[in-house]
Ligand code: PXL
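Quick setup: one chain, the form predicted on its own, written in structure tokens, and binding and motion questions come after.
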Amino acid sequence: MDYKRILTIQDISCFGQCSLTVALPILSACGIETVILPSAVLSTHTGGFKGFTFRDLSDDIPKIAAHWKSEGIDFDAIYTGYLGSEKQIDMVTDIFKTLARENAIKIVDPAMADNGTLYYGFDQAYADAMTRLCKHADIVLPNITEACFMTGIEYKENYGKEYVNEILAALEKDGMKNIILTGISYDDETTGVIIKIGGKTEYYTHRKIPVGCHGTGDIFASAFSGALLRGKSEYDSARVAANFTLRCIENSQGDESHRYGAKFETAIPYLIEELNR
């Protein structure tokens, strides 16, 4: 197996099982050398916690990137998650140009919204800046809320295939050609992932669990990126990531004290089995 190196750029939420505290162990379990570039440090994630601390690391990002460049450090893939500001989005665009190896895969998870609402501290100007970043990506991983904010299409909780096709067409019009659209559900029993790669559209479904967890988008994006670097196709990578995310949610059910995140660690052996099939 080739030993690939990935850079992931997102925040460190010290407590809460999301962002880099999810991405680093999952990518490492996939057998990928994982380098991190924190966009911010938070005491907890912003979902359901009050009074959390937030330290913006924007001043450090260009210095770290410049040091890596001077040392000849570069990457087979760059995967971005939560970015703290429009300024950081511009920094990531530059990193794509300067630290990516030839034919490197650039993956953007526009982690900024869910359930029809932007995350704390974000506005439409941020969503517009994220749209510009996604144009530079080889693959984008929005959920349906993020896709709506990037395209200007009204968010709906209940929808059909025509609505999803409208969103996909709008994302493509904005320059996103390879799209993994997550959280797509046409009924109460199932949910799934739309995989649109090179003009071909596929839909992978699995059973839907009514009670979700924080951080599952980061779990999915990290497992997808790891599987892709292991040589799996985009469809198979999405399938592996979706099944792994489902297992993480299943393993977290029934524990009311653990609503802040998913017990992804308990499902890592399952992920490794799936990758080796």
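A quick note: this is a predicted structure, and the numbers were derived from the prediction, not measured. In case it trips you up, residue 1 is the first one in the sequence shown, and so on.
One more form of this protein exists, namely the form predicted together with the ligand; it is left out here, but the text below deals with it.
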{"item": "Contact of Leu42 with the ligand in the predicted bound form (heavy atom, 4.5 Å)", "value": "yes"}
{"item": "Close approach of His214 to the ligand in the predicted bound form, 4.5 Å, heavy atom", "value": "yes"}
{"item": "Touches the ligand in the predicted bound form: Tyr119 (any heavy atom, 4.5 Å)", "value": "yes"}
{"item": "is_contact(Cys18, the ligand) in the predicted bound form, heavy atom dist at most 4.5 Å", "value": "yes"}
{"item": "Heavy atom contact within 4.5 Å of the ligand in the predicted bound form, the stretch among 57 to 65, 240 to 248, 215 to 223, 25 to 33", "value": "215 to 223"}
{"item": "Any residue of 84 to 101 that, in the predicted bound form, places a heavy atom within 4.5 Å of the ligand", "value": "none"}
